[in-house]
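What follows is a single chain, given as structure tokens, in the form predicted on its own.
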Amino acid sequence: MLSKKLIIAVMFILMLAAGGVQAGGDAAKGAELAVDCADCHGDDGLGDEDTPAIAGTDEATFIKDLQDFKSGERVDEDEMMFDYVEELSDQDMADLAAYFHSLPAK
């Protein structure tokens, strides 16, 4: 009987842990991480004539773009994006995606 309770308890803990990983990004944490992004994309994420707008971007698309820059599958002309994303974790990317998604697009 004790082993059955232990198994149920472990399963419950694992479900809670998995739920945390599957949860989306935290826009507040993303705002903190976005300080570097503002150098090129602006404080409002609207970019300029040389840099694309990222405000209002779909979160899944945003994360995929960052992953592609990190893996080298996508390369920007100046290769600056790799420098910015190489140290980002998957959670960091989700947090940034949540933040920029929350900003109004052009």
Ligand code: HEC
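None of these values were measured; they are calculated from a predicted model. Throughout, we count residues from 1 along the sequence that is shown.
There is also a form predicted together with heme C; it is not shown, and the following applies to it.
Asks: Does heme C come within 4.5 Å of any heavy atom of residue 36 in the predicted bound form?
Replies: So residue 36 counts as contacting heme C.
Asks: Would you classify residue 52 as touching heme C in the predicted bound form, given a 4.5 Å non-hydrogen atom cut-off?
Replies: Flag for residue 52 set to yes.
Asks: Does residue 46 make contact with heme C in the predicted bound form, using a 4.5 Å heavy atom cut-off?
Replies: Contact with heme C, no.
Asks: Does residue 76 reach heme C in the predicted bound form, with heavy atoms at most 4.5 Å apart?
Replies: Judged by the heavy-atom cut-off of 4.5 Å, residue 76 is in contact with heme C in the predicted bound form.
Asks: From first to last in sequence, which residues of 76-93 have any non-hydrogen atom within 4.5 angstroms of heme C in the predicted bound form?
Replies: Result: 76, 77, 80, 81, 84, 88.
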